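Just the one chain here, the form predicted on its own, laid out as structure tokens.
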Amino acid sequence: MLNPFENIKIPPKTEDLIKIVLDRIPKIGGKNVKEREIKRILFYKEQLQKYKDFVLQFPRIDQLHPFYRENIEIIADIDKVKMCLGAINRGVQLSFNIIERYRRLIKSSDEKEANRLMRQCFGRVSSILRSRKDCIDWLIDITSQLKKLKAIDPNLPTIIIAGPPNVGKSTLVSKISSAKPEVASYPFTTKEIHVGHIDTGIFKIQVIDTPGILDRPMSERNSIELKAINAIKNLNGIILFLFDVSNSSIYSAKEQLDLYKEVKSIKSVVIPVLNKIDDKNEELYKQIKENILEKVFEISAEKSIGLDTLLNYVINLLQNGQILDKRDIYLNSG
């Protein structure tokens, strides 16, 4: 499944489009004055079609998968998006009507009036565009961001890697899948969703590297964290929640456990994974492990310790889910 915004053609912004027309008009000729001026206003109409196509290519928001719909909500007001789509569409249609009216006027007028009528048409259409400039330019910026989203198929068996920033999520994703996200030693290295795949030979698994989440109220989370929450909440699959139990961990046991409990309240299938086990802080390790009732996996993503055991367990869960449910819903309940 493609990112539903991927194939939208981004038109020029308002003033850029008007400038394209202004620069082109003097170069447009015709067999006579009337034909020349008609061709000039029809060129404007051709350029306006880019806005018409932009609106038509924009997916119906109410029909989007919740994951993609929430991606809009993270960066924009959905009601404003709908309002701007409508405003652009009405503006283009009004402009088309004006151009058609002036085309008929030029055709039926005295040749001496043709250039004046063309300039009058140009001015009226440009005024309509400029009255909608804020909407047009804003929606172009929003759509440009949405086009950059990774293509995620909500129907594929999915492993979602979650946890605080800088606990080894990207390293784990790069070790078990085809994805090669940036890995660095500072928080919020991952600012976007990254997608990799595992081919088991029987079925394909989607592996998603999510940005880190901090233990704080939802209202205080930034747009990077909200992208992770969106993936956890709206994509069917298994969550691997990574704890950092190393000597270099910047998070307390309480902070990590509180975040783990929050993720569990959002999604029913959450597997706790203690990472950086090769450099474990015994006290931190003990505090975290004794507060988890579920089956715990211990790994070092960097050193590839325990990865085969973890991956085989998860693949078996996904495969059993696939066999039990032919509608491509995997392990939607514990």
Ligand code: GDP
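C-alpha atoms forming the largest set that superposes within 1.5 Å between two forms make up the rigid core. Not measured: the values here are computed from a predicted model. The first residue of the shown sequence is 1; numbering continues from there.
Omitted from view is the form predicted together with guanosine-5'-diphosphate (GDP), to which the following refers.
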**Asked** Does any heavy atom of I239 come within 4.5 Å of a heavy atom of guanosine-5'-diphosphate (GDP) in the model of the complex?
**Response** no
**Item:** Partner contact for N281 in the model of the complex: guanosine-5'-diphosphate (GDP), 4.5 angstroms, heavy atom
**Value:** no
**Message:** Test of understanding: in the model of the complex, would Q47 fall inside 4.5 Å of guanosine-5'-diphosphate (GDP) by heavy atoms?
**Reply:** no
**Request:** Using a 4.5 Å heavy atom cut-off, state whether S300 contacts guanosine-5'-diphosphate (GDP) in the model of the complex.
**Result:** yes
**Prompt:** With the partner removed from view, which of 225-233, 148-156, 167-175, 85-93 is the stretch that lies within 4.5 Å of guanosine-5'-diphosphate (GDP) in the model of the complex, judged by heavy atom distances?
**Reply:** 167-175
**Item:** The single option of K34, K267, K276, R40 touching guanosine-5'-diphosphate (GDP) in the model of the complex, heavy atom within 4.5 Å
**Value:** K276
**Request:** Align both forms on the core first, then report whether I277 has a C-alpha shift of 2 Å or more between this form and the one not shown.
**Result:** yes
**Asked** Can we say the CA of Y102 moves by at least 2 Å between this form and the one not shown when the core is superposed?
**Response** no
**Prompt:** Would the C-alpha of S246 be classed as shifted by 2 Å or more between this form and the one not shown after rigid-core alignment?
**Reply:** yes
